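We've got the same protein chain twice here, in two forms, each standing alone as C-alpha cells: structure 1 and structure 2.
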Structure 1
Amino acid sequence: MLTTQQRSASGSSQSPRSPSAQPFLSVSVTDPVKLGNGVQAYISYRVITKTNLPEYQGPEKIVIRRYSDFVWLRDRLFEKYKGIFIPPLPEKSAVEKFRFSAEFIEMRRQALDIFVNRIASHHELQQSDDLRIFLQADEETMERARFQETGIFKKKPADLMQIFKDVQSKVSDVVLGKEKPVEESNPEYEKLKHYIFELEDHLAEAQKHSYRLVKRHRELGQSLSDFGKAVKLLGACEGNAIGKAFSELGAKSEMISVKLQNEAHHLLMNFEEPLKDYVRAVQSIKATIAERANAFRHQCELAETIKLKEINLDKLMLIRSDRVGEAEFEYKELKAESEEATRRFETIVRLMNEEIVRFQEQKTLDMGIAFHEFAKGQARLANSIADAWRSLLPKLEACSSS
C-alpha cells in the first residue's frame, strides 16, 4: 500500500506527456477547508492529479471533493471489482467537537490521500471509469454522479419488499434447520480466513495500546508543563543559587513538555494511524471474503436448481408433455446463468489469491516503516530528555551540597 511519502518520491521526477516517460498517475489530497455551518458543515479538499496517461484530460487537473465523494468512489469500486481488496476509508467522526479539530482534519486528509493513491497505483482499479470521474469531473457532475441511484436503491418498493421476504424466508429456514448455509470447504481458504480474523484482533489490540502511548505522552507533557510553571514561580520566590536552579528546572520541564507533545503527534500520525489504517484494510478484506461466500452460495444454489430442472425435464419428456419446449428453454437459460456464476466465483478466487500476495508484501513494508518510525522517535525523545535533565545536574548538585 502506497504511503504519501513514497507516492511523492516516486512521482516527482516524471515529466508529464513526455513520450519517453514511464506511465504514472499521482494524486495529492490537499488544502482542507471547512464550509457551511452547524450540522451542514463539511470539509472540502483540493484533489490534484498529475499524469501522463492518455485517457486523462491533461498533465494536471485540480478538483474540489468532499468526504462523501470519496465514499461514492469506494462504493462504486466495491460494487464493480469483486475479488479485489478495495482500499479502506477513514471513519466519519460522529463527535462534533472532534470533527473540525485541526488534528482530526489533518489525519483525515492524510488517510484520504493514501486511499486515493492506493487506487491510483493498483493495476486494475486505476483503469476504472469511476476513478477518472472522481479525479476530473467538475463539482456539479460529481454531485450528479453521487446522487445517481445504483444497486438495490434503484429497485421499486415492491421489489424491495420481495427481497425482504426472500431474506426473511431464508433466515427462517436456517433457524428451523430446513436449510444449512452452504460453505466453501477449501483448507487453504479456511487457513486464509483464520489468518485474517486473527490479524484483525492483533492489529486492533496493537492500535489500542498505541493510542494509550499517545495519550500517555500527552498527559506526561501536560503534567511537566504544569510542574514547570509551578517550579518557576517557586524559583521566583527564592533568591541566590537555589532560585536560579529552580527557574532553570522549570524551564527545562516546559521544554521537555513541548518535546513530549511533539512526539505524541508524531506517534499519532506515523504509528497509531498506520495501525488503525491496517485494521480498516483487514475489514475491507473481510468484506471481500463475504462477497466470495455469496458467490459460492449462488453457484451452489444454481447447481441444485439445475438438477431439479433436469429431473422435471426428464419427466415431461417421458409423458411427452406439451411443456417440454418451455422446460428446455428454461433449462438452457439456467445452465447459462450457472456457468456465468461459476466464472464469476472463479474470478473472485483468482483475484483474491493475487490480492493477498500484494497485501502481504505491502503490509510488511508499511509496518516496517511504522515500527521504525516508532523506535526512532522514542530513541530521539529519550536522548533529548536525558540530555535536558543531565544538563541540570551540576547546578542542582551544587545547591544540594551547599
Structure 2
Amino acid sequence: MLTTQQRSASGSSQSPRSPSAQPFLSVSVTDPVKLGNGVQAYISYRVITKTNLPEYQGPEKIVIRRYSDFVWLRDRLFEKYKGIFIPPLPEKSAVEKFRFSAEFIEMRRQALDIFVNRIASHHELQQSDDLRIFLQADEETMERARFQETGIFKKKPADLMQIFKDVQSKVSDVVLGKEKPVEESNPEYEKLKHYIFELEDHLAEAQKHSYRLVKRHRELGQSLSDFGKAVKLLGACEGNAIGKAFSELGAKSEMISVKLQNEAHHLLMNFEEPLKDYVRAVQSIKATIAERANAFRHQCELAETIKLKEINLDKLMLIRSDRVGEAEFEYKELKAESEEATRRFETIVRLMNEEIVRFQEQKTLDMGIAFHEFAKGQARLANSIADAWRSLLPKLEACSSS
C-alpha cells in the first residue's frame, strides 16, 4: 500500500514518517519559471519526486516539465485506463497566457500539483509506466515522447463534444440507421449519467458566484481604501478634534482594505479553485462516460457482426464450400475480438463502479476542506474587521470629549 499525500501545500512535499521499509511516492510541482517571449512564452515547473520504489530512481529526482507534458500524461492515462476517472487538468487558457499574472501562475501550479498527486495516490494509475516516464525521464526524452503522441492519440475537443452529444441523444442512433438502441439499458447507470450532467450545471453556477465573491472582496477593499483617503483629506481640512477623528477613521479604513485584499486571495486559492477543480473532475467523468458508450457500441457492433458471420459459416458448411476454412478462421478471429471487446467493456463498468464510490468520498473530503477554509477565512476576516473598528471607538470618544 503506497502512502502518498492527498494534497500538497505550495511547494512543500511531506514525507510520511513511516519506517523506511514502507514504500512511498511523493511528488511536488514547484518553482514556476517563465521562459520564452511573447506568443512563445511558457512556464516551466520543477517536479520533485521522492520515493523508495525500486522502479524509480530514488531517493529524489528532479525534472523540468511544462504544461503540455502534463497534458501528454493525462492523454496517455486516458487512453490506457478506460473506466478510471482521470484527474483533471487546469484549462489551457490561451488568453491569460499572455498576461501570466502571478495569481494565474500560482493557481496553475497548485492545480498541476494536485493533478500529479492524485495520480500518484491512485492505486492503479500510480503503477503506470507513463507516470514513471513523466516523473523520471530527462527533458529530451520527454519532448520526443510528447511530439510522438500528438498525431495519433490526441483527441480534438471537437471529437469529445460530439461524443458527449451522442451520449445524451438517442436520435443519433436513428441517424446511423441502427434499429436497436446502442445504449445500455441500465437504469442505475442512467441515473448516474443524469446525476453527473446536472451536477456539472449546479457546480458551475456555484463556482461562478464564488469567483464573483472574490472580486467583490477586492472591490470592497478598494472602495474602503479610497474612502479612507478621502476621509483623511477631510480630516486635514477640518482640523481640531473632529479632524483627528476623521484621520483615525481614514487610517483604519485603509488598514481594513488590506485585510480584504488578503482574504480575496485566500478565498480564490482555497475555495474558488477547489470548486473549479470539482467542475473539471465532473467533466472528466463525462469523458469516461463517453468512453464507456464507445466500448458498449463497439461490443454491440461486434456481436451483430458475429451473428451474421455465424449464419454465413453455417451456410457455407452446408454447401461444403471450400471457403469454409477461411470463414471459420475469420469467425474465430471475430469471436476473439468480440470477447476482447466485451472484456474491455466490463472492465470499464467495474472500474467505474469503484471509481464513483471513491469519487464521492474524495469529493466530500475535498469540499469539506474547502468549506472549512472558506468559513475560517470569512470568520477570521470578520473578526479582524470587528477588532479593528472596535479599537477605534475609545479614540473617537477621546476626540469627542476634548
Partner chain sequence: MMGSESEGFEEANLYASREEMENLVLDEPPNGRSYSNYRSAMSSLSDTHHPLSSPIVVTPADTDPLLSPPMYRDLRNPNAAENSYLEPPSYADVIFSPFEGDNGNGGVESPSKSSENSSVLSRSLSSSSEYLKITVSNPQKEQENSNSIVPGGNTYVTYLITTRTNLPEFGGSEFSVRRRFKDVVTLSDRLSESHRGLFIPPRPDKSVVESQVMQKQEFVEQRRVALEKYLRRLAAHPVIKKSEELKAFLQAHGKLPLAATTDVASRMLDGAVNLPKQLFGDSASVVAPHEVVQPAKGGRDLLRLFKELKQSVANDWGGSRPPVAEEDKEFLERKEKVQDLEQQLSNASQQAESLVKAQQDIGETMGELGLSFVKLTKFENEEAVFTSQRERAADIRGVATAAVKASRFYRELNSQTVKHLDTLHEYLGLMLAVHNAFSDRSSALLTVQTLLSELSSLHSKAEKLEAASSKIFGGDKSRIRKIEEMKETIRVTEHAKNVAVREYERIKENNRNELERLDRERHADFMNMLKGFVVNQVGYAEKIANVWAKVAEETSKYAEESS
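What you see is a predicted model, and the numbers here were worked out from it, not measured in a lab. Residues are numbered by position in structure 1's sequence, first residue being 1. What we label the rigid core is the largest C-alpha set whose atoms superpose within 1.5 Å from one form to the other.
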Students should recognise the form predicted in complex with the partner chain as structure 2
Please state the CA displacement of Arg390 between structures 1 and 2 in angstrom, with both forms fitted on the core.
2.3
